[in-house]
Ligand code: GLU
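Single chain ahead, written as structure tokens, the form predicted alone.
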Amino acid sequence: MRKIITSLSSALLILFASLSLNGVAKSAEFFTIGTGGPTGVYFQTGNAICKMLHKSAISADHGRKKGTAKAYRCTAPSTGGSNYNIGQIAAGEFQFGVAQSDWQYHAVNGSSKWEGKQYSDLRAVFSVHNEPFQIWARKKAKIKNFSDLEGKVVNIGNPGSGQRGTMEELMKAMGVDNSFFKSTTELTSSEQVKALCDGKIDAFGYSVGFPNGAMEQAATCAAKASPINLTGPEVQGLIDGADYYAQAVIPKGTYTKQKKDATTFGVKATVVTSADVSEELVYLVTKAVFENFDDFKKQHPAFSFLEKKNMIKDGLSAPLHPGAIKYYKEAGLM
């Protein structure tokens, strides 16, 4: 029953976020924000943006003559994650997407998984929360560091997701491939916690903001899982070799029975779009978030530390979209 209620709540959230800016659906322009798994912060980010856009529309309606502004409808469905979202933007299927800062960099520069597929029309809008890359392991597996993953069953993430890409970058830095593990799975972020709790996998890697409800579930279910430290010269080499990586710490007490800080590395979650998306739409989306900033920060605990001045520069490798620049200059942020 809980699963049914949760699914219904997610559907209603998307439906609510899809409301027209002026309440007239038949004249609205439809656009999509790609997110991530339904239990992750990306899904909440996309739907929070839609919610702020709708809120701005209601405020703007007061005192405005009917038909004086274009209406927009916004949806933020669950997707495969960072690289999938960027790919859908490039294909013209999505107008916006949430993506890790490292995959924004690789896509616009044609490196890593984007070698030979450079997407030079990718544009940045703003960055959001910090995302430490985390490896969570069930207690009975006795995994304390990366080397302890040898011979274990590990979820490396679904193809096209940011977590899969980062896991592969970490494996490369550690000098291992899939044969290092007993076996690997390609579960999505919404599937991996259940698999860990059911004892079907020993660990999984995940880039996600904190605190996160799915990680709390992993900590409190039968797995009694916790995040491990990812440190050492190999990880430091990753950090030193890329501006989009930085050391990150998940403080003790963030999750139930987490008695120690977990030291790792991380990226930023960013909102991206295409050079082909209109200046008007990008301007309105940016304005909706920044002019309802306090409300936006309340939409998820991971947003609580956001600062406007950092959001317009941190983790952004692609050029800013002109629509975003227009708002930032208008608001005195640039």
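Treat the numbers as computed from the prediction; the structure is a model and nothing was measured. Residue numbers here begin at 1 and follow the sequence given.
Same protein, other form: the form predicted in complex with the ligand, not shown, and the subject of what follows.
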*asked:* Can you tell me if residue 46 lies within 4.5 angstroms of the ligand in the predicted bound form, counting non-hydrogen atoms only?
replied: no
*Heavy atoms within 4.5 Å of the ligand in the predicted bound form: does residue 97 have any?*
no
*the ligand contact in the predicted bound form: residue 87, any heavy atom under 4.5 Å*: no
*Going by a heavy atom distance of 4.5 Å, is residue 136 a contact of the ligand in the predicted bound form?*
no
*Residue (of 122, 208, 154, 250) lying close to the ligand in the predicted bound form, criterion heavy atoms within 4.5 Å*: 208
*Can you pick the one in 272, 41, 33, 285 that has a heavy atom within 4.5 Å of the ligand in the predicted bound form?*
41
*Would you point out which of 180-188, 231-239, 136-144, 159-167 contains residues with a non-hydrogen atom within 4.5 Å of the ligand in the predicted bound form?*
159-167
*asked:* Need the contact residues for 122-144: heavy atom within 4.5 Å of the ligand in the predicted bound form, sequence order, or none if there are none.
replied: 131
